[in-house]
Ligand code: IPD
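Only one chain is shown below, in structure tokens, and it's the form predicted on its own.
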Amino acid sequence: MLQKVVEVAKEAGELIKADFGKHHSVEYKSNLSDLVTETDKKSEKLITDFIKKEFPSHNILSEEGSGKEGNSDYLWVIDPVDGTTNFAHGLPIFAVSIGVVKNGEIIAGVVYDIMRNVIYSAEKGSGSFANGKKLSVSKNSDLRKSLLVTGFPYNVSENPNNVYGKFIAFLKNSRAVRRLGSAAIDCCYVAEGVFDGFWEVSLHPWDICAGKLIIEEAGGKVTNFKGEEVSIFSVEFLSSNGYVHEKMMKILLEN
């Protein structure tokens, strides 16, 4: 199954790459920051058509709404273009993200970092890989030497969960904080040891399903801001190499 997930992620990625840099008709969902392009829809259709053909009984949860509900133990969770705003503006940081859940447990995850041509993949209990190379989180335990990453929700102007205060606190207590615009890629870079930690609020299942497993299988830790276990439907998402997790939690809870 993992190989099939990789195959369809690559196919969708080639479609997206072919559209990159072209003029796009843009629609808006919740507000002017929440975009969808025709490429999102084409990528989603390609992936969901594939699943319906290969695994016709499986359920599908996808960002642009072409899901499929049923009684299957399996649920495919899809972000056809994670980083649509980047894509629409010509910024080459976006991915295809596909996670497979069985009876509530993530069993497979693939993130295709399209413009770098890197396939991040994980299967439950089998480790995480980037183009076949085994991944491991960083070993840094000093938050002040940490490179962190975050993202902001589409209603950032309302400052939900005091996102401004948390961001400033981490700026003051880490080496640097980045903001790439693709939660799936953020997760993979934690798994790869590029980032020491990643936090965000108001993410959706398709943003983190594959990435959560990839981090955990690389030896990382994923919880909410209180250190509790999270599901793909959780409001808070904190992931790290494990070594700076408690220190990140402390800042998140104090701000």
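Numbers for residues come from their place in the sequence shown, where the first is 1. The structure displayed is predicted, hence computed values, not measured ones.
Beyond the structure shown, there is the form predicted together with D-MYO-inositol-1-phosphate, which is absent from this document and is the topic of what follows.
- Comment: 75-83 is the region of 97-105, 110-118, 75-83, 125-133 lying near D-MYO-inositol-1-phosphate in the model of the complex, near meaning a non-hydrogen atom within 4.5 Å.
- At the 4.5 Å threshold, heavy atoms of Phe170 stay clear of D-MYO-inositol-1-phosphate in the model of the complex, well away from it.
- The closest non-hydrogen atom of Ala183 lies within 4.5 Å of D-MYO-inositol-1-phosphate in the model of the complex.
- None of the heavy atoms of Arg175 is located within 4.5 Å of D-MYO-inositol-1-phosphate in the model of the complex.
- Under a 4.5 angstroms non-hydrogen atom cutoff, D-MYO-inositol-1-phosphate in the model of the complex lacks Tyr164 among its neighbouring residues.
- Along 100-124, a non-hydrogen atom within 4.5 Å of D-MYO-inositol-1-phosphate in the model of the complex is carried by no residue at all.
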